[in-house]
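Only one chain is included here, represented as structure tokens and corresponding to the form predicted on its own.
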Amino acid sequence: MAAQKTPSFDPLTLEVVDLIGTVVARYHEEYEEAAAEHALTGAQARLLSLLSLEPLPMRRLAQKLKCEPSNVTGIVDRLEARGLAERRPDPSDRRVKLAAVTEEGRAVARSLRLSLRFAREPLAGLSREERMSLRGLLSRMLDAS
């Protein structure tokens, strides 16, 4: 039986992986700080941001957040108690409940997005072509995985 060979990575690849990890860590750190400024947990803020795009069934929210549906139920309960989200029947299947953002929740989600300086300011320093190139490269990385 042949021994499996561990793939070796060149120094450039390792440096890029480290940089991506640093970017992700800084983004999450700033996201948690922005959420706290609105008296939200990071999970509540992420769910609110998702709902600001469209109402979603609880099961789909759990998939997007990579957690159990029962966790989503608790998060939605807390957002609902603050008037930031609501439950409504799905027009295509009234047995299914959709979580949806309220107007106040939409305003909080917008404020959260605007407060994420780390994600926005360095990108503003890149030209449109550089941002488009970065978007393309990141999309290719995600498509390959």
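If you're wondering where the values come from, they're calculated on a predicted model, not measured in any experiment. Each residue number is its position in the shown sequence, starting from 1.
The following text describes the form predicted together with the DNA, which does not appear among the structures shown.
Student: Kindly confirm or deny that 49, 111 and 117 each have some heavy atom within 4.5 angstroms of the DNA in the predicted bound form.
Tutor: No, the candidate spot makes no contact with the DNA.
Student: Can residue 38 be called a contact residue for the DNA in the predicted bound form at 4.5 Å between heavy atoms?
Tutor: No, residue 38 stays farther than 4.5 Å from the DNA in the predicted bound form.
Student: May I ask you to state whether residue 96 is within 4.5 Å of the DNA in the predicted bound form, using heavy atom distances?
Tutor: Heavy-atom contact with the DNA at 4.5 Å: present for residue 96.
Student: Is the gap between residue 64 and the DNA in the predicted bound form 4.5 Å or less for some heavy atom pair?
Tutor: No, no contact at 4.5 Å.
Student: Are any of the heavy atoms in residue 100 no more than 4.5 Å from a heavy atom of the DNA in the predicted bound form?
Tutor: Contact with the DNA, no.
Student: Counting only heavy atoms, which residues in 40 to 76 are within 4.5 Å of the DNA in the predicted bound form?
Tutor: 41, 43, 44, 57, 58, 59, 66, 67, 68, 69, 70, 71, 73, 75 sit within 4.5 Å of the partner.
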